[in-house]
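Take a look at this one chain, the form predicted on its own, written out in structure tokens.
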Amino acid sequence: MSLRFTRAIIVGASSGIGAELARQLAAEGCDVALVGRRRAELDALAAEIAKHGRKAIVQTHDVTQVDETPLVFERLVEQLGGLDLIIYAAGVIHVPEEGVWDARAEMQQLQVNAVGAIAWTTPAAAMFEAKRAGTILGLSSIAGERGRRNMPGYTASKAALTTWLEALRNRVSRYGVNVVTVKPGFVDTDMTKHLTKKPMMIPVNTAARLILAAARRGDSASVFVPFQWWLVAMVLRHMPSFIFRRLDI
């Protein structure tokens, strides 16, 4: 099976992986709705996509405003004339300094990375279940495999997102709905610029290409991007806690 996407919503399309996914989808003939907080970046991306002759709808939205999500979702689906793919790529990361504790910053990551995803993927899952087709794709992270000392809120939020997508997959895959969890390693974006250690870094266009390839398979997969991170994840998962907590990660 190789799915072809013609109408997609990308949440978190202002920059990074989300923006590149929108570019590649448009280049392949897909109309897109671009959702994000930064209007100028969304407008610039829409203008770029227009060169491919595809529709690009711009929608400013703060994913923490979850009460607004159902109406925004419904409006975008109507403007697109339907939907066969939704991508949740919105995300924030906070790496606290040693000895500094900031509950608000930690909780913000859960709001953006996990709660926002639940708000957007729930109406999509209901719609796709009813029509017995559709793809939901969420960008989790290799970081969500264990609770890391240097980014506690981020790892917790990505673990929550991974579990949510797995539960969603278990609920709707029987109705022909494709739910894909993508766990990238380090991707060259603004989000990773401040990190000091970035092993196996890949360009954002490569990451987007691999992500879309996983989505097109239609087999409700959970994948690492690139694949080599699977081995890292296996090691991390089975590492005893008393050893893991001593690592500077």
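All residue numbers refer to positions in the sequence shown, first residue = 1. In this text, all values refer to a predicted model and were calculated from it rather than measured experimentally.
The form predicted in complex with a small molecule exists for this protein as well; it is not shown, and the discussion that follows is about that form.
Undergrad: Only one of 89-97, 125-133, 69-77, 164-172 gets a heavy atom within 4.5 Å of the small molecule in the predicted bound form; which is it?
TA: The contacting stretch here is 89-97.
Undergrad: Quick one: from E28, D219, E48, D62, grab the residue that has a heavy atom within 4.5 Å of the small molecule in the predicted bound form.
TA: Result of the distance check: D62.
Undergrad: Under a 4.5 Å heavy atom criterion, is V112 part of the interface with the small molecule in the predicted bound form?
TA: Yes.
Undergrad: Is the gap between V180 and the small molecule in the predicted bound form 4.5 Å or less for some heavy atom pair?
TA: Because no heavy atom of V180 falls inside 4.5 Å of the small molecule in the predicted bound form, the answer is no.
Undergrad: Indicate whether the small molecule has at least one heavy atom within 4.5 Å of a heavy atom of S140 in the predicted bound form.
TA: Because a heavy atom of S140 falls inside 4.5 Å of the small molecule in the predicted bound form, the answer is yes.
Undergrad: How about K55: is it within 4.5 Å of the small molecule in the predicted bound form, going by heavy atoms?
TA: Flag for K55 set to no.
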